[in-house]
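In structure tokens, one chain follows: the form predicted on its own.
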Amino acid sequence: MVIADIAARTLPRLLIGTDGPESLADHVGRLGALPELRVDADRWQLISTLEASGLRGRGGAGFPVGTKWRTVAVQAQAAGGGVVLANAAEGEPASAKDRTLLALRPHLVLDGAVLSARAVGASEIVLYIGREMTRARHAIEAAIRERRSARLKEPRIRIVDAPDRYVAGEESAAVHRINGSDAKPTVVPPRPFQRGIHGAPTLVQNVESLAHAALIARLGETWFRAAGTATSPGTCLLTVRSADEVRVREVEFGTTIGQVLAGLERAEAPQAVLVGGYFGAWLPWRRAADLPLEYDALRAAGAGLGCGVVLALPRDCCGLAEGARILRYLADETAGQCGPCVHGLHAMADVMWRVAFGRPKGNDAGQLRRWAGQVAGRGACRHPDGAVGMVKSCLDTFADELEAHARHGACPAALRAAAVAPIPDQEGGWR
């Protein structure tokens, strides 16, 4: 293994084309052993390297990884220890990137978790994995057994199931579940970085973020920044969906959405794209095609990377119907802890359903926009904010369809049973 050869390659970085999980021997043979943090200064140097790399979290919020590690390290030092929560709940129905990464590169994820534990002073690692992610879980369990057989000196690692609920992966919800309560979020202090699992300062980090950190620790911030842009360095995993196909791709930041969708089975350009998942934004194709996947550019367009979903809406589908199905799902996925979700989202979902599948009333669109403004920012978590953001972008992007529905009722595309955005069965509890 020659580090220089790896450093010279731009892609792939996280996904290397294997059909099954990479073994420990192959992983170490390709990347070398995990760097050791021999003295206290080493862990602070690693955190500084992550800060310099510009790596942001890949779980949805895009928070700087190095900053989060430093904050938890300071808290854990004062508290006498901490915990690492490697988050792979992936409750977003349209996303498959985290389960794919776990299934193919389990040791890279575990490397990142172990490094983060050493860096922040944690004595335990909890892998929080979606209950339905059987293939990913088997790969991680096998990888843990390999590492134990190799007698690697690592913190305790255990796995906790994440319920199949949309908000169960929110960091406070994850901590509640691991501590034995329902996997429901809260904004009430203290936050997990202050007091989380077992009451200890807890680093909650998405598994893709940990995998990037494991590579940066070996290859450095300059290598990481060789891909991407100055303000959005590196690569990211995307779940790219159309009506006929689902792919997980690793792309450089700065790649346009049009380039991301190139090669999908349908040759015809889509009418619109949902960027960022169900908390994301609908964008018309004329705006999305040349839009770079870059934090500032996405923000300026009213979108964001979110959970890394890019969903193409074919021209023979109804965007209002897709938005209505997603909103109904999100309304039913609330934790039931506050009025904006319990009442606000369900009321909006009812009106959105009428707009898509019935005959809208004259003030329906205005009512949805008013309620969206009243609901946003008032929940116990960001669930209502994400839902209403998706709704507003849906009304804007499909304004012509909205007018047509108001005049003539639901279009034939809306009345078809098939949906592009996956909507899972909602049978699971919160534990």
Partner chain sequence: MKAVLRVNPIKCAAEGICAELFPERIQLDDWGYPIIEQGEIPEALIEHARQAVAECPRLALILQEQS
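Positions refer to the first chain, counted from 1. Owing to the predicted nature of the structure, the values given are computational and were not obtained by experimental measurement.
The discussion below concerns the form predicted in complex with the partner chain, not included here.
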Exercise for the section: Examine G263 and determine whether its closest non-hydrogen atom to the partner chain in the predicted bound form is within 4.5 angstroms. Expected result: no
Problem - Contact flag, Q374 vs the partner chain in the predicted bound form, heavy atom cut 4.5 Å - result: yes
Practice task
Verify the contact flag for G180: yes if a non-hydrogen atom of it lies within 4.5 Å of a non-hydrogen atom of the partner chain in the predicted bound form, no if not.
Solution key: no
Problem - Any non-hydrogen atom of A79 within 4.5 angstroms of the partner chain in the predicted bound form - result: no
Exercise for the section: Given that the partner is absent here, state which listed stretch (115-123, 87-95, 240-248, 342-350) has heavy atoms within 4.5 Å of the partner chain in the predicted bound form. Expected result: 342-350
Handout entry: Single option in C338, A289, V160, A226 placed near the partner chain in the predicted bound form, where near means a heavy atom within 4.5 Å
Key = C338
Problem - Residue (of G379, G386, G60, G66) lying close to the partner chain in the predicted bound form, criterion heavy atoms within 4.5 Å - result: G379
Exercise for the section: Heavy atoms within 4.5 Å of the partner chain in the predicted bound form is the criterion; list the residues of 174-201 that meet it. Expected result: P185, T186, V187, V188, P189
